[in-house]
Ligand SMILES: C[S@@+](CC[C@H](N)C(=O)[O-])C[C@H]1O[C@@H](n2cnc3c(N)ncnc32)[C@H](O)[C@@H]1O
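Below, in structure tokens: the form predicted alone, a single chain.
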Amino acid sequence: MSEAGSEHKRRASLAPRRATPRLAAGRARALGLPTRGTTNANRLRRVDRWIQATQVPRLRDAARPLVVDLGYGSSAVTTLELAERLAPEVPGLEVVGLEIDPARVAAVADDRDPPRVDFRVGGFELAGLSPVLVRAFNVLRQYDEASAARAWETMCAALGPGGVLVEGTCDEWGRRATWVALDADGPLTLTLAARVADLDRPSDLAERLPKALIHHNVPGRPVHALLQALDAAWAAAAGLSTFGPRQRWTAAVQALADDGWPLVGSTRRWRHGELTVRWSAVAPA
């Protein structure tokens, strides 16, 4: 090899490699990184109730009502809960839990009940499935913003016709959560949800914002303005605490609606400690 060629090879070996999400070992099609795997029974009840309230018609109208639960963790409990909550309302429901770690899939073999409930190895590519609904919770916290955006694109590209991705995060007990609903064209809405009795102020939910927003919660950005407006409305409704935190939350959310924030969905969801706003109102500038 020439001296010039040797120098080129040496420099190439020293050049920093671009960080990208790696593939799971031995699974060339399973895109992503394993999560910690922690989970608890009823942890995802808030998002599941929202799915029941808003997405059941979509599933009923589908020729094949297939739901993917991505990254269920070390236990199948939240996947099984999702199936139990949706099955009575969706004839022919199929729920497939995907995990990038083959050991976790093997560990829940006794919980399989195909086609109603099944478990497979898979990641952001959704194991080649074309689901009507994907629930992907607590799977993007370890990624940077750009990598999380690529994961969104990959999952949305795999959706079936008219499909929706619900991606979010929650605390270990499911008392505080946020999630984004997306279709093939991108984000649609942001939902904030909490056990409001545990909140000092609504902006406590900021630590649970999705990766696309969490670093944009600074003055001058739309999501910061939303949380500040909600805090102000919460403070103004303090007198309603006598009647309970749900009444206070409902009044605070109503104040945001009155101020022109583009809230969507049934007002009945407010009593469950929810607020859903159009993505256009909080999208990073």
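One rule holds for the numbers: they count along the sequence shown, beginning at 1. Here the structure is a predicted model, which means the values were calculated and not measured.
Heads up, the form predicted together with this ligand isn't pictured, but that's what we're talking about next.
J.: Using heavy atoms only and a 4.5 Å cut-off, decide whether all three of W173, T250 and R269 touch this ligand in the predicted bound form.
T.: So, no: the whole triplet misses this ligand.
J.: Just to confirm, with a 4.5 Å cut-off on non-hydrogen atoms, which of A193, V139, L133, V96 contacts this ligand in the predicted bound form?
T.: Among A193, V139, L133, V96, a heavy atom within 4.5 Å of this ligand in the predicted bound form occurs only for V139.
J.: Quick one: from V67, L230, I51, L44, grab the residue that has a heavy atom within 4.5 Å of this ligand in the predicted bound form.
T.: The residue in contact is L44.
J.: With the cut-off set at 4.5 Å between non-hydrogen atoms, does A237 touch this ligand in the predicted bound form?
T.: Result no; A237 lies far from this ligand in the predicted bound form.
J.: Please determine whether F124 contacts this ligand in the predicted bound form, using a 4.5 Å cut-off between heavy atoms.
T.: F124: yes, in contact with this ligand in the predicted bound form.
J.: Are any of the heavy atoms in T178 no more than 4.5 Å from a heavy atom of this ligand in the predicted bound form?
T.: Result no; T178 lies far from this ligand in the predicted bound form.
J.: Since only the chain is shown here, I'm wondering whether L213 would be in contact with this ligand in the predicted bound form (any heavy atom pair within 4.5 Å).
T.: Answer no; every heavy atom of L213 is more than 4.5 Å from this ligand in the predicted bound form.
J.: Heavy atoms, 4.5 Å, this ligand in the predicted bound form: which of 202-210, 100-108, 182-190, 156-164 makes the cut? Say which one.
T.: Contact-bearing stretch, as computed: 100-108.
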